[in-house]
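Shown below, as structure tokens, is a lone chain in the form predicted on its own; questions about how it binds or moves come after it.
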């Protein structure tokens, strides 16, 4: 085998030729920035004076790991995600179950429910801000029905920003989960339901004993993607708060804090350390998801 030259067929050469743009793009815009961020995380570097960078060892890492604002941003995003994941799971699964039963105009309803997903997040947030503002139609209606006594300025509240943003994101993204659940429901063998019907199982018993267990891969996938995307939330908070998340830092997220460190305070070394800490957190959660999926496969094989 030693000295034997690897010969590629014309088909393989054309294959490498066509995937080379992606490999180049991935290397330049994905791999290189990671190595650059890792290098910067050990330096004290100002964005305006990169030539004066100083090596500071693990100082940026220690500062980031002990930064109360960073952990406040992590707490905010987990607070947000608990509400968001619960809402989108319930809404997405409910609409998927309803659409599975609909035999007339199902495509029309799927399109209508998916519209928020394809709407620009900026446009959607402008509409949401108008509807939810103290002078907006929603609060006016709630005051008319005496649900609230006075207008609520949720951006200045200590605890309301994250639940309000979770409600917005639930409306914006539940369509994606609905489509994933619909795909999962379509893959379930109907003979299982027919056997359950013969045994006299009711709707709820079939839901909890058949549908939800067989949808487990889709549920775990959706849960993991929500956590990963949630940890990267930026546009929603950027449009509503200052770079530190407004009063009480209640709207601060990890990516917003990273942006403030890098482009407002010009501390690129600290920003790189925060970004890599966030990447480690996302990597840990992804590995946890893969471990759960693999354990499910092993159980299925047994």
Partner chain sequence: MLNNLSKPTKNKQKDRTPIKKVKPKMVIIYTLLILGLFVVMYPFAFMIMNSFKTGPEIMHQPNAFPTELSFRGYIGVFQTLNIPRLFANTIFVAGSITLLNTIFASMVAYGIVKCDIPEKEILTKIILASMMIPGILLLIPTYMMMYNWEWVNTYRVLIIPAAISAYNIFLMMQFMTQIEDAYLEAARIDGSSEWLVFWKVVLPMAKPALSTVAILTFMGAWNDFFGPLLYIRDESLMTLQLALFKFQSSIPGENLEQIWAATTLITLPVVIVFFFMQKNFIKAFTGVGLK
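Note that the structure is a prediction, hence the values are computed from the model and not measured. By rigid core we mean the largest C-alpha set that fits within 1.5 Å across both forms. Numbering follows the first chain given and starts at 1.
Omitted from view is the form predicted together with the partner chain, to which the following refers.
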Using a 4.5 Å heavy atom cut-off, state whether residue 235 contacts the partner chain in the predicted bound form.
yes
Distance check, residue 174 to the partner chain in the predicted bound form, heavy atom within 4.5 Å
yes
Please run the contact check for residue 118 against the partner chain in the predicted bound form: heavy atoms, 4.5 angstroms, yes or no?
yes
Quick check on residue 282: any heavy atom within 4.5 Å of the partner chain in the predicted bound form?
yes
The partner chain: the contacting residue among 223, 179, 87, 210 in the predicted bound form [heavy atom, 4.5 Å]:
179
Just to be sure I understand the contacts: of 188, 195, 98, 147, which is the one whose heavy atoms reach within 4.5 angstroms of the partner chain in the predicted bound form?
98
Verify the flagged residues 21, 29 and 258 against the partner chain in the predicted bound form: is each one within 4.5 Å by a non-hydrogen atom?
yes
Could you run down 31-67 and flag each residue that has a heavy atom within 4.5 Å of the partner chain in the predicted bound form?
32, 33, 34, 36, 37, 40, 45, 47, 48, 50
Once the core is superposed between this form and the one not shown, does residue 280 show a C-alpha displacement of at least 2 Å?
no
Under a superposition restricted to the rigid core, does residue 239 display a Cα displacement of 2 angstroms or more between this form and the one not shown?
no
Does residue 28 show a Cα shift reaching 2 Å between this form and the one not shown after rigid-core superposition?
yes
